[in-house]
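Single chain ahead, written as structure tokens, the form predicted on its own.
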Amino acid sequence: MSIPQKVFKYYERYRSIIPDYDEFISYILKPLPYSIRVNTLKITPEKLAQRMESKGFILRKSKLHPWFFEVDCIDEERGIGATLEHALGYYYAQEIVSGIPPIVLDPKPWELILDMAAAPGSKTTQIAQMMKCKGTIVANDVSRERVKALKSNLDRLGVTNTIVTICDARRFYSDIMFDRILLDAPCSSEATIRKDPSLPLDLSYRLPRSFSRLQKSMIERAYHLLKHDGILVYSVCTFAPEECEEVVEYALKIGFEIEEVDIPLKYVEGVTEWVDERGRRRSYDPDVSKAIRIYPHFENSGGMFVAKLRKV
């Protein structure tokens, strides 16, 4: 995989906070493995594995959750998106790390859940699956084009407990408060480079700061939409502390408390100190260390930052 040299130069800003940085860079150069989430609304993991393996696919159980498999394809022309099982909604092609935020959210049947930036629906459909389609999910997104993909995925996977809305999440209004909110926020997407090497080519040092302002506004709106003692899970697929720990620190200032997160994958704690590309030292609230960072070389995956916040 060919990546412009300027991308490596950009990632140097994270050398001090990424363990085994050289190994991290070596994994950035490798293509991302295929992975799927079994849709237990329609089929069991065992039955799907039998069907896929009979077609020549090789499935390996993920450590994250019994619904997730890493998949070796027969050939590139017969990828995981080109099977009858995919068309029938028996599974969703989903990165392993993408499955972490809903697991941390831990939605329960009969709750009222808001997915603030839902399209194209990987996490929304996972939440519905965890709720067994009992209760209500409001799946919101600002983009009409992306909402088309969201609706298509909800239909394909047989999700029946979801209301779709189109709104800037910063101005989302509801008279009814939510039990839990997922904010998988728009971000600089630095951690998705293995999935699509073209994405980071326009990275600039200003981009994380711009997204940080947006994310803080969305966090603030989420606070007003949550019930007392309600849970907000904040996640981004980026390495930038401006979009990760800085946003969580803002959440703590407006009234959230952060809780410990534990998952069966390798991760490190959120960073409390960092020196940026201009030599400026940044310090964050010690509690942001309760958030988690997953780097590509830990589990041969994409990258992810996740924090679990409670409204107090």
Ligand SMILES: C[S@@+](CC[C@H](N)C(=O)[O-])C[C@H]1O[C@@H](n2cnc3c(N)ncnc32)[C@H](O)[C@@H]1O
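This one's a predicted model, so the numbers in the text were calculated from it and none came from an experiment. Heads up: residue numbers just count along the shown sequence, starting at 1.
Absent from the display: the form predicted together with this ligand. The rest refers to it.
A single residue from the set Lys216, Arg170, Lys227, His86 has any heavy atom within 4.5 angstroms of this ligand in the predicted bound form; that residue is Arg170.
None of Ala119, Val138, Val159, Ala240 but one reaches within 4.5 angstroms of this ligand in the predicted bound form through a heavy atom, and that residue is Ala119. For this ligand in the predicted bound form, the listed stretch (219 to 227, 104 to 112, 173 to 181, 120 to 128) containing residues with heavy atoms inside 4.5 Å is 120 to 128. Although the partner is absent from this view, Arg146 contacts this ligand in the predicted bound form, with a non-hydrogen atom inside 4.5 angstroms. Contact check for Ala185: a heavy atom falls within 4.5 Å of this ligand in the predicted bound form.
A residue is said to contact a partner when one of its heavy atoms sits within 4.5 Å of a partner heavy atom; Val142 meets this definition for this ligand in the predicted bound form.
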